[in-house]
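One chain comes next, on its own, written as structure tokens: the form predicted on its own.
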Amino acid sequence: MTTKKELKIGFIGLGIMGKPMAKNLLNAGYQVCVYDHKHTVIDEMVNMGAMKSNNAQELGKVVDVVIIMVQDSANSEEAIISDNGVLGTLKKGTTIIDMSSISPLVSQKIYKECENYGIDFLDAPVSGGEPMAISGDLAIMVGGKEEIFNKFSSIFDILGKSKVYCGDSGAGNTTKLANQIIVAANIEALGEALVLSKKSGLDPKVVINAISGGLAGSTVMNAKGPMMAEGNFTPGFRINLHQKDLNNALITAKELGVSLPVTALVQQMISSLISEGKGEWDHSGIATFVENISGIKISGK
């Protein structure tokens, strides 16, 4: 059985989510070789004990498993199957675990390309945002071969509090899209509820406390309600990333002949917020769309 000291993990993508995830693997005793297009973050990880790579191909030559954590489908394709990607330099039997939230159709495309090279591939997107990435409490949804999922179970245990095998290639990202639909609709509905409460003269924080123990209570309410009540939209998960996820959901739905009317509506709201320059805000800022059309701020006096 391969030990932590023997297993070399490559980690590509050291952004708001990837950097704390890579740190958690280092802290757990794994050898981690890192690459990101920002050299300053590579240097930060090297100072913590990581090995440095100058590009994805260099990384691929020295690792046993590669974790990808990038922003979107195009970035995953660039990191894995492009001419500059990691795939062509990996030895047969290596595994790529793409923990990015991307289109299920793109995951399936990458899976097939990996098979041609004798490389195993898992799509394993996560939910929980930056706070859970830091604490190692992410929810991980995995698609691909179940035996490969089981093989790397110990790595998933370092990164998340839950890991669920969802099915064949693309199943992880389809599950993530389901998650993002529910989260977006919850945030929008919470924004409506708190705008109504504020306009009625109530304290939104009191309303949140009163209803959180009932059927309306949720993780979304606990995490995003206080942010709305305080007008604090410091990003844990950015609006522009949620737009990307909802767009992937709508594209997938079109391919499958499924109607997603609420998802389409919320995506239009998010597009409006991005046009206002709010794309880098936390997705709790979806509530500001309702604030704007209602003429009242949840956090206002």
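Note that residue numbering follows the sequence shown and begins at 1. All figures in this text were calculated on a predicted structure; none of them were measured in a lab.
Here the subject shifts to the form predicted in complex with ligand NAD, a form of this protein not shown in this document.
- This chain is displayed alone, yet in the predicted complex one of H37, K61, K52, K254 has a heavy atom within 4.5 Å of ligand NAD; that residue is H37.
- Taking the partner from elsewhere, I286 is found to have every heavy atom lying beyond 4.5 Å of ligand NAD in the predicted complex.
- Contact check for G279: every heavy atom lies farther than 4.5 Å from ligand NAD in the predicted complex.
- Although the partner is absent from this view, Q108 stays clear of ligand NAD in the predicted complex, with no non-hydrogen atom inside 4.5 angstroms.
- The closest non-hydrogen atom of L241 lies within 4.5 Å of ligand NAD in the predicted complex.
- Contact with ligand NAD in the predicted complex, defined as any heavy atom within 4.5 Å, is confined among 73-81, 113-121, 184-192, 160-168 to 73-81.
- Residue K176 is the only member of 172-204 with a non-hydrogen atom no more than 4.5 angstroms from ligand NAD in the predicted complex.
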